[in-house]
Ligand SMILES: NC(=O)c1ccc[n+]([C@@H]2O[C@H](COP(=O)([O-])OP(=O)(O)OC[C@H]3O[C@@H](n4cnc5c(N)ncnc54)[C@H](O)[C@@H]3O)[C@@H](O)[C@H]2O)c1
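Just one chain follows, in the form predicted on its own, and it is written as structure tokens.
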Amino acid sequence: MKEIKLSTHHHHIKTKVYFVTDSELIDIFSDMQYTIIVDRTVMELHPSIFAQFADRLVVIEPEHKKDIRMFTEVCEQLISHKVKKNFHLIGVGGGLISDLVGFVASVYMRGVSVSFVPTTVLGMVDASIGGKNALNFGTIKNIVGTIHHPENVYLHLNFLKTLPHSEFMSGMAEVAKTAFLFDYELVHDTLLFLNKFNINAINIMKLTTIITESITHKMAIVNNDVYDNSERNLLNFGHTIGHLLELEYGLMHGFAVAQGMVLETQLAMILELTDGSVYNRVRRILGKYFLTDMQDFDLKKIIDKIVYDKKANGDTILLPVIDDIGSSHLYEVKLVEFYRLINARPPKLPPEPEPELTD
């Protein structure tokens, strides 16, 4: 297995991240005290990996939601499998699986160990990294949650070859988020990858580099701020509005966050926290790969719900602001300021030549 060496001066988080092959993953699953919780679609697309472990699988139907009902069903299955305190859970699937399994692991028998095998780009660069595990409750996303870090995250890029194009691109929007916040070179590499992207012929070497850089940035932030008290809030860029769009309009997570990034950068521009050229670049890049037509979104309807955002503190929220591509800071903004977006028209983008992208 190839481990991602995370360069950080802090070691609060003990998660280890590895790139693995089919045979290495099967060897990991062979431990008899591992209980594998897997998305049915993943299991059926990769039968050679899972067939021999049928008696230790807890299978999650893909249409299920990560709510209290699903949590209860998983706990019932763990009890029926006689899973004990010294057992280890392994969640195999996308972000729903890592959130659900991480939450279960954090409370089952007052906490058992857990590892993840993310099978989507979003899972690899975001959902499986950082220890956040949450369930939706009613119409509020991720309002019930814990922080319980996985021991290991195993990345098997072959899973990505069976992803629908839209799922792949949804995950790449989270890569773009990380790049906008911290790393100009990662923006360049991501655009170069997307310009030549073909779901049937993925450049595995380039994608490995992009995923590694994304994880390294996220883990550095998490190590410095495990419990979201300060700089980890930067990782919420696009999510305050994005989560509302996701729930209200059924957008895939990455595309909703992309819309949120544009709107939150527009708000930062209105508040004179960043300038128009930065907004133009963010909107132009995201518009090329991730944005849908925004004219049918009722911003008044969704902004009314920001008060339920778990990141809100009284009447304020920390807004991630892009100073320049690859550089960012946090600014405490009053929730009422979000209403300034309702009647704001996106500024017309001036003509700008496409940047030259070279390897």
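Treat the numbers as computed from the prediction; the structure is a model and nothing was measured. Just count from 1 along the sequence shown to find any residue number.
Just so you know, the form predicted together with the ligand exists too; it's not on screen, but the next bit is about it.
Only one of 298-306, 44-52, 25-33, 317-325 lies within 4.5 Å of the ligand in the model of the complex by heavy atoms, and it is 44-52. Proximity to the ligand in the model of the complex, defined as a heavy atom within 4.5 Å, singles out one entry of 149, 218, 283, 206, which is 218.
A single residue from the set 202, 251, 153, 163 has any heavy atom within 4.5 angstroms of the ligand in the model of the complex; that residue is 163. Highlighted residues 39, 123 and 142: every one comes within 4.5 Å of the ligand in the model of the complex, counting any heavy atom. Though the partner is left out of this view, residue 133 does reach within 4.5 Å of the ligand in the model of the complex, counting heavy atoms only.
The ligand is not drawn, but in the model of the complex it has no heavy atom within 4.5 Å of residue 213. Interface residue remark: residue 99 is counted as part of the site for the ligand in the model of the complex, having a heavy atom within 4.5 Å. For residue 260, no non-hydrogen atom is located within 4.5 Å of the ligand in the model of the complex, even though that partner is not displayed.
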